[in-house]
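The chain below stands alone, shown as structure tokens; this is the form predicted on its own.
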């Protein structure tokens, strides 16, 4: 039971970590990024190369991958998303346009990864040693992944809710039309939110690569799970993404362990549908 609980928290923490990035992009920048999961997989491959070819520890690799992902995400927003924002007549049109654009970007990233790395499963061994937790053996890399996910998630929550910069981002998420009346540059906030969201995706990729195998085509799975977590937690709610991500990970793990591994996806959608019937705006969403 304890082993399944820890594994569920590890998986849920990973879901929460990546969903926080998508929540920022969608809640603040109003961009529905369908290429989000492929950003995660690209970070997985980057971590793999740094570790296997250059012997760089994945934790140290964070200091290289995160700034790079921020710059790349900012460039993607300026080159591809900003023209959509300027021409979109309303939020609904922007969401539709961003879905179409990022759907194409998904295949561009996936195609590049397939050409470079092929379609096989890839993994590497890092801290893959058992650690005793209350008498239960758990893989060291999974424990590290859980600690990193919770620590980074907590840091983001503190920044969003305890700093002026975070207050500005939340103001744009809650009232994008009123925020400029208080001197807030909503375009700058949207750019930063999109770039930070991409950085969170890369962070999730580094964490995932430490304990999971991955391929160039599995990004869509992470995009799907992140979307579910964002909707369950409430649009633009980072605390909601954390809670929903942990819940999703625990449900998947316990269903696979005690019922049938083939029902994990069905269980996820069952929880998703039931919760939407009770709270259509998500756990932390407001009407």
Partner chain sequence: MKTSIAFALAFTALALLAVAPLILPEYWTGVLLGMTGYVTLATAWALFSGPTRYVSLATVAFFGVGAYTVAVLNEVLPYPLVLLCAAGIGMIMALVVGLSTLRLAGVYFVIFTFGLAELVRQTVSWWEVNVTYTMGRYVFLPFEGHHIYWQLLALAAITFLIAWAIGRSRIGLALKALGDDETVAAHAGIDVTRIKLFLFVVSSTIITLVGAIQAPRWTYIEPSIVFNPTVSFMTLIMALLGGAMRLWGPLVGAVPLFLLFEWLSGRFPDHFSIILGALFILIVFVMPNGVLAKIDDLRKGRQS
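Positions refer to the first chain, counted from 1. Basically, rigid core = biggest C-alpha set you can superpose within 1.5 Å across the two forms. Just so it is clear, the model here is predicted, and its values are computed rather than measured.
Beyond what is shown, the protein has a form predicted in complex with the partner chain; the following relates to that form.
S.K.: So, a 4.5 angstroms cut-off on heavy atom distances: do all three of 169, 174 and 183 pass it with respect to the partner chain in the model of the complex?
M.R.: Checking in the model of the complex: none of 169, 174 and 183 is within 4.5 Å of the partner chain.
S.K.: Counting only non-hydrogen atoms, choose the one of 238-246, 46-54, 225-233, 59-67 that falls within 4.5 Å of the partner chain in the model of the complex.
M.R.: Within 4.5 Å of the partner lies stretch 225-233.
S.K.: Out of 144, 150, 72, 101, which one falls within 4.5 Å of the partner chain in the model of the complex, going by heavy atoms?
M.R.: Here the answer is residue option 101.
S.K.: Heavy atoms within 4.5 Å of the partner chain in the model of the complex: does residue 107 have any?
M.R.: Result yes; residue 107 sits at the interface with the partner chain in the model of the complex.
S.K.: I'd like to check something about residue 154: if you look in the model of the complex, is any of its heavy atoms closer than or equal to 4.5 Å to a heavy atom of the partner chain?
M.R.: Looking in the model of the complex, residue contacts with the partner chain do not include residue 154, since no heavy atom lies within 4.5 Å.
S.K.: Can you check whether residue 158 is within 4.5 Å of the partner chain in the model of the complex, heavy atom basis?
M.R.: Answer no; every heavy atom of residue 158 is more than 4.5 Å from the partner chain in the model of the complex.
S.K.: Taking heavy atoms and a 4.5 Å cut-off, does residue 87 contact the partner chain in the model of the complex?
M.R.: Contact check for residue 87: yes, within 4.5 Å of the partner chain in the model of the complex.
S.K.: For 51-85: residues with a non-hydrogen atom within 4.5 angstroms of the partner chain in the model of the complex?
M.R.: If the 4.5 Å heavy-atom criterion is applied to the partner chain in the model of the complex, 51-85 yields 79, 80, 83, 84.
S.K.: If the two forms are fitted on the core, does residue 9 show a Cα displacement reaching 2 angstroms between the shown form and the other one?
M.R.: No, the C-alpha position differs by under 2 Å between the shown form and the other one.
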